[in-house]
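This document starts with one chain, in the form predicted on its own, laid out as structure tokens.
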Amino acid sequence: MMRASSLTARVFAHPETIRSVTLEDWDLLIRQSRRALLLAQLDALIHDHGLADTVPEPARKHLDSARALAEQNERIVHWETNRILRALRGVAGPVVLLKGAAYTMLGLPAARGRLFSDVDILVPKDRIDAAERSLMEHGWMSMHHDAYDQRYYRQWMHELPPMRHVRRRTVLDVHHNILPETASLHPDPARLLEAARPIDGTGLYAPEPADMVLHSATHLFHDGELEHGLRDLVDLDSLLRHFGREEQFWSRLVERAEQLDLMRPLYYALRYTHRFLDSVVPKDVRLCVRSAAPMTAAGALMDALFDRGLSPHHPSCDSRATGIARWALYVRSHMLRMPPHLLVPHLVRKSIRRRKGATAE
């Protein structure tokens, strides 16, 4: 079980413990969960486990409000995916929904109460220019106009600069891969697209279950900056519990991790979902992914960093060591994303822009 001090993580790992939460702890649980973007998911968890009668009235108001916001968020996602498909209908190749939008359109448990600020899609790289033109014709515009930002995304990254709809103000990320071109790992996007499955009645696609887990793991443990790390870990736990009911899922998960060069992110995903949330992973799968573990000293360091970095960004979980851990993980994510000769000038440029008050990507 986790070492970090997070009441929210303990409740998500063992929902029945909510029966022993005091009124004072409820205040902390609400605050931590809101900061972690897990308040509506906490409400869903409580109802799924028949614990609604244990919620005190002051807390119930916060949960009801969070549930209403999440329901509105879900309606927006359904509408936006419809608009995206309409905009890209003439572009050849599948349009694959990623992360939260995929969970929502598939009706997965991970979607219940989940909040997110954008929609992510994956399209073939040779169709990304056509996709961008068509989206612009339908009202989406780039959010980055600086020449360096444009070159940064188009030359090195795995996606276009984020696009925002001029009227609805919704944000869309258009990917051609799940990791940057310059990253240390190199998953083949063609394999992801080939294995994608149609979402019934939509004309859109979603990654196959194993790829969905691997993308979530990669986003958190390789490409992510952990701003909402616990929320992303809860996503992974939910996906593993849902898909893991099918025995063949686990062998397929390891097979796809090997094919896509994503064994290390999978190792971290299985280790920390168990460490924080008591996810149950078959013993043979744990043994298979152990080959991707870092050396003993490095593993101990990663435990120390992730135990702190994956906790909610809330004063009750924060310490000086937490700030250092998050900074170290931020640097690590950039080192995995870009080689030093590109990373150093990029970070220097970001630092200068931040000091000038500009918004960095």
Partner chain sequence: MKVSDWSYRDLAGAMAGDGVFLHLGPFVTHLRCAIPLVAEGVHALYADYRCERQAAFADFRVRLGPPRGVRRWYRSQVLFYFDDWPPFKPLPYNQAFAMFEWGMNWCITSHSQQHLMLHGAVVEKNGWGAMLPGPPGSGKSTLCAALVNRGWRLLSDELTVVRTDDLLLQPLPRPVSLKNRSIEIIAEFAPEAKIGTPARDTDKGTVAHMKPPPGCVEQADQLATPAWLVLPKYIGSAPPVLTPLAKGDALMQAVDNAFNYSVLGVRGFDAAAQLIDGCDCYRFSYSSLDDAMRVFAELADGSQ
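All of these numbers come straight from a predicted model, not from anything done at the bench. Numbering follows the first chain given and starts at 1.
Below, we refer to the form predicted together with its partner chain, which is not included among the displayed structures.
Screening 321, 52, 331, 68 for any heavy atom within 4.5 Å of its partner chain in the predicted complex leaves a single hit, 68. Between the options 293, 46, 336, 30, the residue in contact with its partner chain in the predicted complex by a heavy atom within 4.5 angstroms is 30.
Only one of 122 to 130, 69 to 77, 254 to 262, 211 to 219 lies within 4.5 Å of its partner chain in the predicted complex by heavy atoms, and it is 69 to 77. At the 4.5 Å threshold, heavy atoms of residue 64 reach its partner chain in the predicted complex.
By the criterion of a heavy atom within 4.5 Å, residue 315 is counted among the residues contacting its partner chain in the predicted complex. Put simply, residue 299 is far from its partner chain in the predicted complex: not one heavy atom of it is within 4.5 Å.
Among heavy atoms of residue 348, none comes within 4.5 Å of its partner chain in the predicted complex. Residues of 13 to 47 lying near its partner chain in the predicted complex, listed in sequence order, are 23, 24, 26, 27, 30, 31, 34, 35, the criterion being any heavy atom within 4.5 Å.
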